[in-house]
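A single chain, nothing else alongside it, follows as structure tokens in the form predicted alone.
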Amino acid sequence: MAANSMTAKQAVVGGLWTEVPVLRLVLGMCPTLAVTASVKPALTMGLSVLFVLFCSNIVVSLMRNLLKPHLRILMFTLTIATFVTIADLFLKAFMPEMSEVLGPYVGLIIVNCIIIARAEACASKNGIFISAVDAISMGVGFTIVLCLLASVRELISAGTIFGVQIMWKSFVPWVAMSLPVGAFITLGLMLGLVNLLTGKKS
């Protein structure tokens, strides 16, 4: 098994800036486009992904020396599925309305590229501490992007953020921003802005 290949600083900087899953690696597009019509479901999805990412990274790190190459992906998937089921049942038990709003997208965390990518790239090669730091920074980075995207869409489509009226009374909402086209427009502008700030041309 490979030796430690990442420092805590690299994990934090990577998750919050240089490797932000949505804006730099373009991973996790399904929930990013589907649940960002308003901030509450976006925040719930972000925290759910953070929980699954943290727990699965810890477990994968613990069993990294036992992993066989041909069973690696299977073990990753089973581990991730266990924690996704826990998150899904928690939402159904304690936040049934939010669970209904998120619909199948909680279950689809199992196939979220961000989580299996971190299991492969970090947790299977590093100890618990680095794996935990990597999971937290990646999860927080993902949650921040979801909330930013949702804030823009909710503000323009309804004049609110977290359901609180922000825009003036005469403001005319642009309902299209609550639809899939609004997600594509907002995400495209955010990607363009990040590329502009980082000088990325292709």
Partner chain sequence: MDKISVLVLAFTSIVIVNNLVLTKFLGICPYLGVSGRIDMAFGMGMAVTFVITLAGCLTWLIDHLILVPYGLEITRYVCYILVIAGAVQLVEMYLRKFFPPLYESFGIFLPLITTNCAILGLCLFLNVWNVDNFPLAAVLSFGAGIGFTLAICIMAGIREQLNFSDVPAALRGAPITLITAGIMTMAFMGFAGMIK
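All of these numbers come straight from a predicted model, not from anything done at the bench. Numbering follows the first chain given and starts at 1.
Omitted from view is the form predicted in complex with the partner chain, to which the following refers.
Visitor: Considering the partner chain in the model of the complex, which of Ala121, Met98, Ile128, Cys113 comes within 4.5 Å of it through any heavy atom?
Guide: In short, Cys113.
Visitor: Which residue among Ile161, Ile136, Leu43, Leu33 has a heavy atom within 4.5 angstroms of the partner chain in the model of the complex?
Guide: Here the answer is residue option Leu33.
Visitor: Decide whether Ala93 counts as a contact residue for the partner chain in the model of the complex under a heavy atom distance cut-off of 4.5 Å.
Guide: Outside the cut-off, so no.
Visitor: Consider Ile185 of the chain shown here, and say whether it contacts the partner chain in the model of the complex, taking contact as heavy atoms within 4.5 Å.
Guide: Close contact exists here: in the model of the complex, Ile185 approaches the partner chain to within 4.5 Å, heavy atoms only.
Visitor: Is Met29 one of the residues lying within 4.5 Å of the partner chain in the model of the complex, judged by heavy atom distances?
Guide: Yes, Met29 sits close enough to the partner chain in the model of the complex that at least one of its heavy atoms falls within 4.5 Å.
Visitor: Would you classify Ala132 as touching the partner chain in the model of the complex, given a 4.5 Å non-hydrogen atom cut-off?
Guide: Although the partner chain is absent here, Ala132 would stay clear of it in the model of the complex, with no heavy atoms inside 4.5 Å.
Visitor: Within 4.5 Å of the partner chain in the model of the complex, counting heavy atoms only, one of 61-69, 139-147, 173-181, 48-56 shows up; tell me which.
Guide: Among the candidates, contact is made by 173-181.
Visitor: Report yes if all three of Thr77, Ala81 and Leu89 come within 4.5 Å of the partner chain in the model of the complex by some heavy atom, otherwise no.
Guide: Every listed residue reaches the partner chain in the model of the complex, so yes.
Visitor: Heavy atoms within 4.5 Å of the partner chain in the model of the complex is the criterion; list the residues of 100-114 that meet it.
Guide: Residues within 4.5 Å: Pro104, Tyr105, Gly107, Leu108, Ile110, Val111, Cys113.
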